[in-house]
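There is one chain below, alone, in structure tokens, taken in the form predicted alone.
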Amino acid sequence: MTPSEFRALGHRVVDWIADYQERIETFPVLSRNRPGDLLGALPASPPEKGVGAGGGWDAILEDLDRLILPGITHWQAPGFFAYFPCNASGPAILGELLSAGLGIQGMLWATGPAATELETRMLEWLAQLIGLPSAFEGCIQGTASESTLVAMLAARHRAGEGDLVAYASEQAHSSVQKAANIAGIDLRLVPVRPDLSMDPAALDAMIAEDRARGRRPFFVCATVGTTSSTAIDPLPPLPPDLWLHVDAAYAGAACVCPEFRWMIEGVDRADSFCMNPHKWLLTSFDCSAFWTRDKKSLTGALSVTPEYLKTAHAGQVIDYRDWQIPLGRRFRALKLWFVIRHYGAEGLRAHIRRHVELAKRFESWVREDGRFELCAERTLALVCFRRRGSDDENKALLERVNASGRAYLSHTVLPGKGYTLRMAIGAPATEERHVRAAWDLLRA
């Protein structure tokens, strides 16, 4: 494909994306495809001859509408309330496009000096925006799951040998257990308080019990904004030989607003911290911001330097390959740079506050309708609620709402409440009319 052919097709693809954004409300939010629908429509073998950049691309773009769109669950739809958001925005999409166009692989400073240094500065900007102490140094991981794993590996490296044991709340994300499985670590789950946050007294007792048995506690994951209910674990004072990792994948974005920084009070005691701009900060997937105060333990755990990766600048620059599981890395800082420069701190705060206000209104509607009940304290833009009745009745209600195509919600199971519906407000295009329409649908 020549540059001129690319230019012509690129215009068409950008137009397609813009058209998609304009018509996104016309699609059912949850895909209605059945298992195997797309597989059955695709040829079993690849084409012998390609279409080139000529008229054959008409067929490809037609197939995008005919084959792919029906199999899309529309995360950017204003009626998407199922999971914590996966924000995309115009600046982020353009940043992704430019990153792909540049086509660099920034594993080393030498293979992408601008990629490395822009990332360093963006993580400094982001730390300032959410109120992290300057002692933290950061990089971009793919997801919070990767951030948890690298934090645990760094903690294990610092702790050394022994019968190591890690701790997390019973409400912590499943990625903490997966990280422990990968690292070969025993993870103990700490009981929660009535508000579903980790019980510090129970944690202290478990640590003391394990030490008395000759075990070596070494790692605690505190969750700021649990997946099920957005519960906020306190950031406990821990013995200096325990690594405290803070998983604020969703809720951390809200800390751009000073009124929400109470959630990370005590973060100066943490060894690592994670939040995902791709969840709620208008930066398209994937972009997980990870910081640590102990870079030496992180790179000690992850650095492997064969001869072919040695460069003349070693020791003078950051090589982000030493901060992550993969060797290769994309130029993800570019889209974050575009987003922060486009919206500014003011725009990002307005984005968060708008969704929180919408959640407050939805919460008030639930409270006023005697057929429904709230199931957990609302912290940010997630409302946990259920119809008064059996779990089966709530499952049936959720299935009917999602089958309508007009809204998409998800569920969890909360202690003492059972089957609970989750209304997670966060899509960039969501307005009060969409939240009201979802509530009217639930009531109907």
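All figures in this text were calculated on a predicted structure; none of them were measured in a lab. Residues carry their position along the shown sequence, with the first being 1.
A second form of this protein, the form predicted together with another copy of the chain, is not displayed here; the remarks below concern that form.
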query	finding
Region of this chain that lies against another copy of the chain in the predicted complex, out of 365 to 373, 76 to 84, 187 to 195, 261 to 269 [heavy atom, 4.5 Å]	76 to 84
Distance check, E161 to another copy of the chain in the predicted complex, heavy atom within 4.5 Å	no
G71: touches another copy of the chain in the predicted complex, heavy atom cutoff 4.5 angstroms	yes
4.5 Å heavy atom contact, G90 to another copy of the chain in the predicted complex	yes
Proximity of T412 to another copy of the chain in the predicted complex, heavy atoms at 4.5 Å	yes
Heavy atom within 4.5 Å of another copy of the chain in the predicted complex - residue from M206, V165, L242, M107	M107
C257, G416 and A444 each touching another copy of the chain in the predicted complex (heavy atom, 4.5 Å)	no
Contact set, 336 to 368 vs another copy of the chain in the predicted complex - heavy atom within 4.5 angstroms	W337, F338, I340, R341, H342, Y343, G344, A345, E346, R349
